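Shown here is one chain on its own, the form predicted alone, set out as structure tokens.
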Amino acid sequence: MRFLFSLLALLIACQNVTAQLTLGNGHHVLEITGSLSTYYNHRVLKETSDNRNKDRFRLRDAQIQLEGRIKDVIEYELQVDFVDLSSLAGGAIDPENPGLMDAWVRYKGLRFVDVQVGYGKLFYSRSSLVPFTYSPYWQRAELLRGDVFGRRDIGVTLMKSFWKQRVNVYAGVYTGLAEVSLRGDNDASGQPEFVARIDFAYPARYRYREIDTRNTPVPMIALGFNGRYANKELPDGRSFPNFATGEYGVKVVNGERYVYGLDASFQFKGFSAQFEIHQMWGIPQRNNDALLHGYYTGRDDGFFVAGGYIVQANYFSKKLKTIISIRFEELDLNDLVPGNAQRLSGALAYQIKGFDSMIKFQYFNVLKEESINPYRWTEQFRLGWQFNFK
């Protein structure tokens, strides 16, 4: 009991913490911020499973972020998560937490377009672009975690906003290897990936946020259209770098790969909702590619389709300083294999000091699973604390 009182006193004390550090000399401004988050995870296993290695405490984030601006012409950002840095050495990289989160420079001196070079989030999918610390959940939807399409990559992005930032346009070219590109290896195809996005908001600009903490007095909507393409045909006997194809083997395809998606977001007086749908069309170079599951018969059927959608609804009570949210997601990893996966998740978050100090609880429930992606658990619970210093 003494421990619980001590923990409560610590959380209350954090309401008075303001630790943002800003340095400047008149034309160069640098802000230093960061975050820490930790939770306990418990899974209800299937009767056939006895592997409890996910029943654990986990330090999810330990990040430092540097954001700089020079004469309103150059902006730069460097963000590092020390928890996941070790994965860059050679093991599988968690695409949701790759260790190095951002390392880019943006030039705003050209009037007709801004240019960003380096490594960072790709402008594809609204939910993917929402920073984790602004979500009541401990984990993104499976479709958006980075194993179906890459969330970060190295390359060049051109961007332009119109009509007081109500309309935003992005287009870029990247390695196509997503987070694996940090190891510096190219793939034998030598071909890049092209990514583009356009979004529209009304009646005012709409930031990349899920929760309406401002209790917006006027209904607001935002729509986004996304597309990406790569043709990565490998020479005979060559393969992609380790872990480049992701957990499901569809993140990079030996052949052509088209991905397109639509996202929509709404908020009004504390209520908010999001919807996203993404489809992938893969055309493997070889008829005996494992992704075709032996279905190629010599006609125009040498392709497969994958994808899914998410629906999320949220309510923020300013009086109770609490967010409640529910999310449904469906994912079909390959239309040549019968079935798909469905999950239902709920989240409850209590804000001690806004998003900067927040207790978060998330519940997962597996409704259906696909035969090529079976789970060993049926339910999952996560409870923890998120703390930002800025």
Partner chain sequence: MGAPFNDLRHFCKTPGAPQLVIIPLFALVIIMLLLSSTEKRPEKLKPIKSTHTQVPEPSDICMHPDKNTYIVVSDDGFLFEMDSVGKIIRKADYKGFDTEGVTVHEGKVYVIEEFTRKIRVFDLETFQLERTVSVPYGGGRNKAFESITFNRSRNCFIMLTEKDPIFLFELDKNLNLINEIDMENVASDISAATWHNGFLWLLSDEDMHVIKLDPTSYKVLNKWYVPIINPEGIAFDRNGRMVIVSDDMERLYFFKSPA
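What you are looking at is a predicted structure, and each value in this text was computed from that prediction instead of being measured. Numbering follows the first chain given and starts at 1.
Another form exists, predicted together with the partner chain; not displayed. Remarks below refer to it.
Q: Report the stretch among 187 to 195, 227 to 235, 119 to 127, 207 to 215 that approaches the partner chain in the predicted complex to within 4.5 Å, counting heavy atoms only.
A: Correct option: 207 to 215.
Q: Which residue, 284, 308, 99, 155, is the contact with the partner chain in the predicted complex, using a 4.5 Å heavy atom cutoff?
A: It is 308.
Q: Give me the residue from 293, 160, 183, 318 that has a heavy atom within 4.5 Å of the partner chain in the predicted complex.
A: Here the answer is residue option 318.
Q: Could you confirm whether residue 60 comes within 4.5 Å of the partner chain in the predicted complex, counting heavy atoms only?
A: Result no; residue 60 lies far from the partner chain in the predicted complex.
Q: Look up in the predicted complex whether residue 368 has a non-hydrogen atom within 4.5 angstroms of the partner chain, and give yes or no.
A: Yes, residue 368 sits close enough to the partner chain in the predicted complex that at least one of its heavy atoms falls within 4.5 Å.
Q: Is there a heavy atom of residue 328 no more than 4.5 Å from a heavy atom of the partner chain in the predicted complex?
A: Answer yes; at least one heavy atom of residue 328 falls within 4.5 Å of the partner chain in the predicted complex.
Q: Flag residue 220 as yes or no: does it have a non-hydrogen atom within 4.5 angstroms of any non-hydrogen atom of the partner chain in the predicted complex?
A: Taking the distances in the predicted complex, the answer for residue 220 is yes, it comes within 4.5 Å of the partner chain.
Q: At 4.5 Å, heavy atom to heavy atom, what parts of 328 to 356 sit next to the partner chain in the predicted complex? List them in sequence order, or say none.
A: Going through 328 to 356 in order - heavy atoms within 4.5 Å of the partner chain in the predicted complex - the hits are 328, 330, 332, 340, 342, 344, 346, 348, 353, 356.
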